[in-house]
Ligand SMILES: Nc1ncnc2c1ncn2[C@@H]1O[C@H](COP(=O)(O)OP(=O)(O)OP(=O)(O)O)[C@@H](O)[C@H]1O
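Have a look below at one chain only, the form predicted on its own, in structure tokens format.
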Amino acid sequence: MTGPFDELLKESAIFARRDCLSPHFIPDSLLFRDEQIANIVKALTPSLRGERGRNLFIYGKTGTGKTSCVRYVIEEVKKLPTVRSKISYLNCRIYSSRYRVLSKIMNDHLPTYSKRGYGLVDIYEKLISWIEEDGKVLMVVLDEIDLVKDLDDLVYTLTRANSDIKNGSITIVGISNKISMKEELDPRSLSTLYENELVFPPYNSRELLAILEQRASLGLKDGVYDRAALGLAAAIAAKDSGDARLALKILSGAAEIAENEHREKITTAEVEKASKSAEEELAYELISTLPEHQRLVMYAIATLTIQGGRYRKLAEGTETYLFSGEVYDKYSAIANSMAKQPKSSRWYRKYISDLEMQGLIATYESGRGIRGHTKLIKLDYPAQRVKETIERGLFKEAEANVQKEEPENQETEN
């Protein structure tokens, strides 16, 4: 008798190791990133020797290998027999406040101390004394650092700690998709940074093809894919943004389609079918993790798009374009309704520029005729799906804040 799981549990005809096609999988060698890895090692060498080094900030678009290279270096550091440095790696999508970052660091290195009820000052003082007891150098790796809500406070606390530490130090490694991230820090935080900077370029189609060939050789069975299929996946990702994550998602999606449809090979047909859903999946993932006020701007754009917008009503067009001014007014109203202070129009313009750079919206100059000369905004993804994606994130954050009120309320310093 055939069971309900027999078909699902039988050996795959397409996949050898599915995890090798994941963007989170780190192969033994990272192609086309030797120079970047060498620069990371060079920047961190003083800290690895136990000296007080400079902080390191790494920038680049999504899918350019920033996180993979840093995690690769971390794993290599762990193999060294005599290193005085201690490392904490934090994904700031999860550890999104100063208190959570410091609590995670304590949990990494002093788990018996890391328990409920300790306030920020207690954790800070314990961290200082732990570093000083034998002159440790603590390297704090903050992935997607721009997602920390109170980033100014976190940067100031970690950098100023070096003034309190008499024996040892703290080094920050910040990773961000936004090269303009530091512009959001206030002058007191910037003045304490003393950092190196490293920018990762996007991959080109030739490099993406080599990366896909490497992963396909590990993750797929022999003879189940055409090189032309890999080339198309690489070309689509290179044209879009040079994003290796997108290329891998397209390949993985094409493999899933081939398996589900009982194909013998992954061809360009499966790649074409997989590419649209892969691009949308990454876009909604990006939207859900935007910094708070950028999400609120996106929420305003999605809401107005659903409602129609004033430009559409004036121009009687079929597509919904929005006046920049009405988006700002809607964003301000939404922020106020959530008891949040809207950012200035200068910051709003920067958010619009960032959202366009990430491919989530498009902007146009209206030219003459309608309200003189103004910027028009168009959402590049279905408005209802964008609205629902942001709402889910906001509801989750509200629930998390209610459940985690205890130590967070003690964050203010005496």
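Note that residue numbering begins at 1 and tracks the sequence as displayed. Treat the numbers as computed from the prediction; the structure is a model and nothing was measured.
One more form of this protein, predicted in complex with this ligand, exists but is not displayed; see below.
Relative to this ligand in the predicted complex, residues 33, 63 and 144 are all within 4.5 Å by at least one heavy atom. Heavy atoms of residue 162 never reach within 4.5 Å of this ligand in the predicted complex, leaving it off the interface. In the predicted complex, at least one heavy atom of residue 67 sits within 4.5 Å of a heavy atom of this ligand. Although the partner is absent from this view, residue 131 stays clear of this ligand in the predicted complex, with no non-hydrogen atom inside 4.5 angstroms.
Taking non-hydrogen atoms only, residue 324 never approaches this ligand to within 4.5 angstroms in the predicted complex.
Heavy atoms within 4.5 Å of this ligand in the predicted complex map, among the stretches 54-62, 355-363, 384-392, 341-349, onto 54-62 alone.
A single residue from the set 248, 254, 173, 229 has any heavy atom within 4.5 angstroms of this ligand in the predicted complex; that residue is 248.
Of the residues 120, 139, 220, 211, just one reaches this ligand in the predicted complex with a heavy atom at 4.5 Å or closer; this is 211. Residues of 153-192 that come within 4.5 Å of this ligand in the predicted complex, judged by any heavy atom, reduce to 177 alone.
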